[in-house]
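This document opens with one chain alone, in structure tokens, the form predicted alone.
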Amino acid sequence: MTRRFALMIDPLASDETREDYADTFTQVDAAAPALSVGELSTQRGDGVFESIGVVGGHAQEVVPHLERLAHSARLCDLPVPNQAQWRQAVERAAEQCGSGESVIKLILSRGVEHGPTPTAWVTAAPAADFTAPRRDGIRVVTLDRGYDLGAAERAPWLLLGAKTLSYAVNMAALREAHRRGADDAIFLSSDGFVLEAPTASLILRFGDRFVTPAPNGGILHGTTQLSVYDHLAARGFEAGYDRIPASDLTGADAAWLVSSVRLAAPITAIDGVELPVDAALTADLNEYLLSPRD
């Protein structure tokens, strides 16, 4: 079983190259003090992060996660992470993960106010048991995200396309979903289009065509969704992107929320309207997602 630990990183410039970055890592007990009280990640949520699923000690889709971390850093005017350094940190963390499922988190913060910047670290911990939602599915509700589909382009300072540490809204949405008797939520734009879930991407099936909301309008391009699309394409299915009106949701032949750690969870109902579940395809998707993937 994975023990919880953290690896502090002395971040290097993005263009600095070495064969070994071990001297830039400091492993610490995850329960021990490690951050300054002036740390802006905790004071303001001023930073970016990624969560990487680990299966049997193999970190999944490391490069896409690192690329998205870099994209988020650029949007937030943070120093772009050194890809080779962070990849070696992930590899070192994965080596200490056990035989089951784990999760590695990458955190890049603006650092200490009026002090050193940035602060960077990775953590590793056992993943929760998601057997039930993968097998039995989840019920979701739709929630208004509060902005229209053009807000990200019109107001880039909202950082709608960055995976920031400011997750208070996402967690509030999950609590609201639970208050409504559901397991998760799907955000809608204020002009009536489907966005994403608070911590997952949405994939809908209409016949033999699979569709997910186009990665604009503040939608993160999901690493797991991209991997699922590769798998579906290899099986001969059509998989694409589109603007999806909210009214189309309950007309889907099947739907899933997909993410790096929970993997593929079939949606059984949206706003109380039952949805068909393709149990065989769901099992196939999760078998694929549990296989080693780079």
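Values in this document were obtained by computation on a predicted structure and should not be read as measured data. A residue's number is simply how far along the shown sequence it sits, counting from 1.
Beyond what is shown, the protein has a form predicted together with a small molecule; the following relates to that form.
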Practice item. Spell out, yes or no, whether the shortest heavy atom distance between Thr142 and the small molecule in the predicted bound form is within 4.5 Å. Key: no
Exercise for review: Please check if Ala73 has a heavy atom lying within 4.5 Å of any heavy atom of the small molecule in the predicted bound form.
Suggested key: no
**Study point:** Exercise: Ala200 in contact with the small molecule in the predicted bound form, heavy atom 4.5 Å
**Key:** yes
Check your understanding: Would Glu196 sit within 4.5 Å of the small molecule in the predicted bound form, counting heavy atoms only?
Key -> yes
Review point. Counting only heavy atoms and a 4.5 Å cutoff, which of 106-114, 150-158, 164-172, 80-88 contacts the small molecule in the predicted bound form?
Key: 164-172
**Study point:** Contact assignment for the small molecule in the predicted bound form, among Val54, Val258, Val48, Ile267, heavy atom within 4.5 Å
**Key:** Val258
